[in-house]
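Only one chain is given next, in structure tokens, and it is the form predicted alone.
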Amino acid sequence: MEIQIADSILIQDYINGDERALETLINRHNQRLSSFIYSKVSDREITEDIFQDTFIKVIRTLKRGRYNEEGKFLPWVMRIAHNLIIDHFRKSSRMPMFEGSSSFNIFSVISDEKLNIEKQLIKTQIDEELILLIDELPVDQKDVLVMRIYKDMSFKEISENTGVSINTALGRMRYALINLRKIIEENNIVLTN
């Protein structure tokens, strides 16, 4: 229990502006999360990419105040990694069972008693609400965001697809996230149940 309490304190510290608190959290769970990702993808480079993307999502969620205090940090981070692993497999077409299906059952890939149907439905609802918000962004920012988050493209691939430099693509992603946060705040939208 002490570890979970310590996690929640670190999360609060990070939300309150202490960047080092996140570093502590990442270091604490690095081994467990990396091992979990690697056990599914069996590739060091892909493991690193998914690990980084997991914490990009963690940071976005914490900064938006969307983290549920009652949740446990590690299972929550693992769920984010689960979804990114599934996205990776769907993108690489190594899971034909998902072909032509806009929705999929996470249980067919990873069994985890902490992932129940209700949470999956909530995630789907959050995704649908986010898509509507993303539509309000300027086209160049929206394109980069969709390619990165929904198509799981690297910034190098985004750069090649849009004809802009990697730095410009990164900049557009940054502004897209800033603007998305503004839209969420201005509309007082709550993306959690």
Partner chain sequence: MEKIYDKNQTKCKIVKAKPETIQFLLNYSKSLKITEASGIKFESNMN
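Values in this document were obtained by computation on a predicted structure and should not be read as measured data. Residue numbers count along the first chain shown, from 1.
Beyond the structure shown, there is the form predicted in complex with the partner chain, which is absent from this document and is the topic of what follows.
Note on the partner interface in the predicted complex: the residue among Leu130, Ile46, Ile26, Val146 having a heavy atom within 4.5 angstroms of the partner chain is Ile26.
With respect to the partner chain in the predicted complex, the three residues Phe155, Ser159 and Lys182 uniformly fall beyond 4.5 angstroms at the level of their nearest heavy atom.
In summary, the region of this chain contacting the partner chain in the predicted complex, judged by heavy atoms within 4.5 Å and restricted to 146-154, 57-65, 161-169, 132-140, corresponds to 57-65.
Among heavy atoms of Ser42, none comes within 4.5 Å of the partner chain in the predicted complex. At a distance threshold of 4.5 angstroms between non-hydrogen atoms, Leu177 is out of contact with the partner chain in the predicted complex. Put simply, Leu22 is close to the partner chain in the predicted complex: some heavy atom of it is within 4.5 Å. Residues of 24-41 placing a heavy atom within 4.5 Å of the partner chain in the predicted complex, in sequence order: Ile26, Asn27, Asn30, Gln31, Ser34, Ser35, Tyr38.
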